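One chain comes next, on its own, written out as structure tokens in the form predicted on its own.
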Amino acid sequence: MKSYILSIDQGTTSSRAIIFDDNLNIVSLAQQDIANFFPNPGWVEMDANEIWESVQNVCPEALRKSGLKPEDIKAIGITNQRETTIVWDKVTQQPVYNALVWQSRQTADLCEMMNRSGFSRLIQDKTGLTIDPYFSASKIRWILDNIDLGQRRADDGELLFGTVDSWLIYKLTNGKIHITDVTNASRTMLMNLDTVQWDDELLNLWNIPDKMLPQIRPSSEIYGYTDLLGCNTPIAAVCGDQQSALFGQMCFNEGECKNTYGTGCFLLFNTGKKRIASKNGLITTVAWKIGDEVTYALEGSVFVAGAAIQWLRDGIKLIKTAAESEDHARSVPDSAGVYVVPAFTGLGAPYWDKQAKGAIFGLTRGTTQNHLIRATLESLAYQTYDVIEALQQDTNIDLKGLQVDGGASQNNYLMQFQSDILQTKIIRPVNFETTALGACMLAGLAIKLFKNKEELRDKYKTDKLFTLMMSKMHQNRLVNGWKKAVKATMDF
């Protein structure tokens, strides 16, 4: 008899439920899009109730599509967009404000004030993070400052905070369980990386009462049960989306690396039991915790990746579907000297420029929409190059290959260009739903469906290997042009 696990993959633009069998094959998938709101330039918000309702819809739909019974699902694993911040009323279980999405820059002034106060070194030493609106602490502070009696209600224990995982588990268990896992907690700017617990000094800095916060748990264990599917199903894994993808890519060992091309672009490098402090703009984070063992990672976060392709489609309407961008890119021999720097919400790693805006360089009368589309695709590869370059400076590694996943990893032109720009091989798995897969695998370990990581690694299958086809001289010329474009963007 086969066993099945349902993964909830809650992202920035959609919620998905994917059912895997015990050989890690996808049995069924259901998806529902979710709206983002942009009340002011640089602000990005979501309706937390819509997030919850979408999960309520996609999970039963995936079960129906699979033809399975509720009791066939042995566990649920959750993976989620990280840093996105929700504050809700403990009694009514209703959000007090929209969810502030990880991309949102509306707390830039709060972060700048904290930087000016001289706390950047303290915060980085404790959390591995640089002070930025990206992370949750300033978002909690902003919500408390912008709702009626926010601080008093928080101090009185009337309000609860959670990243999306906490919110979903709270709703899935009818308010019984308020927890998060170490990976999501490590993105709040409130957790001490060494103790793997909330840090009182950081809470005081941001004036956030600890009674608002969820309990921090490992990434793989049974936290509780939900009746969402019609029977009591254990919730057995929680992992932030990028860490979950690292696990789903079987990057279990120190030195293994993956890049996810989603709304943003996220590169994680497994550093094992050692937390490495980056000197080159990367983030130190928790990769996962299983039992008592914590695994750490270095991460480079690019804010705009797939979102740049969405901009081509929805913003300036140069394409009708994301997939057709590949044909447009291949229709011209090169980008004709055009560079797109998609700093729509500032620049992330390794630059961390909150004020940068998107820019296009190298336009001539001969520039066509195909050159612009190609240059936009190439910007994803260039941004990944910047992160890898910083990683190599921090670790002195010689990159032997890069595991890739996420929607844009299906673009063969982009993956070949990425191989050429990095001058290394790119490995794309058959199952590129590695974010949901990681949550499935962690849940399977929790319920003893899988014995160990070695058993999981044996199930990995490669779809396509991309090897470099570009000369080092040509690569250098292209990269130099990109760096000039980025510098001009930051200097503007």
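Predicted model only: the values in this text are computed from it and were never measured. The numbering used is simple: start at 1 and walk along the sequence shown. Rigid core: the largest C-alpha set superposing within 1.5 Å between the two forms.
Same protein, other form: the form predicted in complex with adenosine-5'-diphosphate, not shown, and the subject of what follows.
This chain is displayed alone, yet in the predicted bound form one of Leu100, Leu377, Ala236, Met191 has a heavy atom within 4.5 Å of adenosine-5'-diphosphate; that residue is Leu377. For the candidate set Tyr261, Tyr382, Phe161, Tyr170, a heavy atom within 4.5 Å of adenosine-5'-diphosphate in the predicted bound form is found for exactly one residue, namely Tyr261.
For the candidate spot formed by Ala322, Ser325 and Ala408, every residue has a non-hydrogen atom within 4.5 angstroms of adenosine-5'-diphosphate in the predicted bound form.
Remark: Asn174 does not count among the residues lining adenosine-5'-diphosphate in the predicted bound form, judged by a heavy atom distance of 4.5 Å or less. Among residues of the shown chain, Asn253 is not one whose heavy atoms approach adenosine-5'-diphosphate to within 4.5 Å in the predicted bound form. In the predicted bound form, adenosine-5'-diphosphate stays beyond 4.5 Å of every heavy atom belonging to Pro342. Although the partner is absent here, Gly128 is not a contact residue: none of its heavy atoms lies within 4.5 angstroms of adenosine-5'-diphosphate in the predicted bound form.
Contact with adenosine-5'-diphosphate in the predicted bound form, judged as any non-hydrogen atom within 4.5 angstroms, is confined among 75 to 83, 148 to 156, 174 to 182, 301 to 309 to 301 to 309. Put the two forms on the same core and the Cα of Ala323 is off by 2 Å or more between this form and the one not shown. Core-superposed comparison between this form and the one not shown: the CA of Glu83 stays below a 2 Å shift.
Core-aligned CA deviation for Ala287 between this form and the one not shown: less than 2 Å.
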